[in-house]
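The chain below stands alone and is given as structure tokens, in the form predicted alone.
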Amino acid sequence: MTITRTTLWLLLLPGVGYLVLFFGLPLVLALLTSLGMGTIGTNEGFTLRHYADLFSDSVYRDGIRYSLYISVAPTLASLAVALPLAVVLQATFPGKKLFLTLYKVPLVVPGIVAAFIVMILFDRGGEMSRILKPVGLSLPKLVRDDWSLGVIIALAWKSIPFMTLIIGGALASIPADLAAAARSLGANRRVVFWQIELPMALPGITAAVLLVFVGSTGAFAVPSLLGPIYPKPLSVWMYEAAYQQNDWGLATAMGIVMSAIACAVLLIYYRLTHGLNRAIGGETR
């Protein structure tokens, strides 16, 4: 049966229409507002003033760098835990069913609740400090600290189960016959993992990294509660520009910059996965 172009467009319309209506249109409106031509705030006519204000002010430039920092650091911390955890979960061990339920608990905990949990546990005078004090130990400053360790802990705690699910699914999809064949040819468990399982699971791993990175980029509640007084992430400056300064042009310019960063990471992801797929395909032929 031959599908006409009209039929093809009609089949694509629900998905494409959803993306255009709920993603493309708001993004276009935000872009127009950042250029002074939107319907929110003052209609100034075409201007690049908001972007000039954003990139010329050191406060906002520090906010961009800080946003990148609290996106990259929790993502790497989550990957360092999620990858070995996903590997371990491929095996069978006593209590696995209970563990599979418990490790997913952070998925249903709101970000602001995770921030309060970290604050209660690790702030000065918190529960961990009280537990360690009788034995003469103390924790470093983890809340409102310069390195944003509390922010990283909270975001990573929320992200590890999500990343583990994706990586675990990628590992589980690898045919067991490949590992068995490699073992029969003399490869040990470490060689099988590094040369067979990890390369084949890399598309899933990079997808998990991408999703966690993008989610951390727009984090608001966690850095607001646990982060340092300065710098603030771009998400916080965006809120203040919109609702405290009533400068919607500047706020939407910040949103466009955050979206551009996410899109750049997405393009890198597609290039990386395309190259990985070609490399893996070349090795398996």
Partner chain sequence: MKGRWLSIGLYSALALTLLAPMVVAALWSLVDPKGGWFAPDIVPRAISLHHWQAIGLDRSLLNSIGLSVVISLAVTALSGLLALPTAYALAKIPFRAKRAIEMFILAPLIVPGLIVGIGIGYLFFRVGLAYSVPGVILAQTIGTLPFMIRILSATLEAIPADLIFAARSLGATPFKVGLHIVAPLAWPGFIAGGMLTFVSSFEEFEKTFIVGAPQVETLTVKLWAVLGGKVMIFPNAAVVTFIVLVPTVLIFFLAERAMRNDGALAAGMGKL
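Residue numbers count along the first chain shown, from 1. What you are looking at is a predicted structure, and each value in this text was computed from that prediction instead of being measured. If you superpose the two forms and keep the largest set of C-alpha atoms that fall within 1.5 Å, you have the rigid core.
The same protein has a further form, the form predicted in complex with its partner chain, not shown here; the description that follows concerns it.
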Problem - Residue (of 79, 153, 166, 73) lying close to its partner chain in the predicted bound form, criterion heavy atoms within 4.5 Å - result: 166
Handout entry: Contact test, all of 52, 64 and 141, partner its partner chain in the predicted bound form, heavy atom 4.5 Å
Key = no
Practice task
Spell out, yes or no, whether the shortest heavy atom distance between residue 103 and its partner chain in the predicted bound form is within 4.5 Å.
Solution key: yes
Practice task
Answer with yes or no whether residue 220 is in contact with its partner chain in the predicted bound form, where contact means some heavy atom within 4.5 Å.
Solution key: yes
Exercise for the section: Check whether residue 47 has any heavy atom within 4.5 Å of a heavy atom of its partner chain in the predicted bound form, and answer yes or no. Expected result: no
Exercise for the section: Although its partner chain is absent from this view, report whether residue 36 comes within 4.5 Å of it in the predicted bound form, heavy atoms only. Expected result: no
Exercise for the section: Note that its partner chain is not shown here; using its position in the predicted bound form, name the residues of 179 to 194 with a heavy atom within 4.5 Å of it, in sequence order. Expected result: none
Problem - Flag for residue 16, CA shift 2 Å or larger between the shown form and the other one after aligning core - result: yes
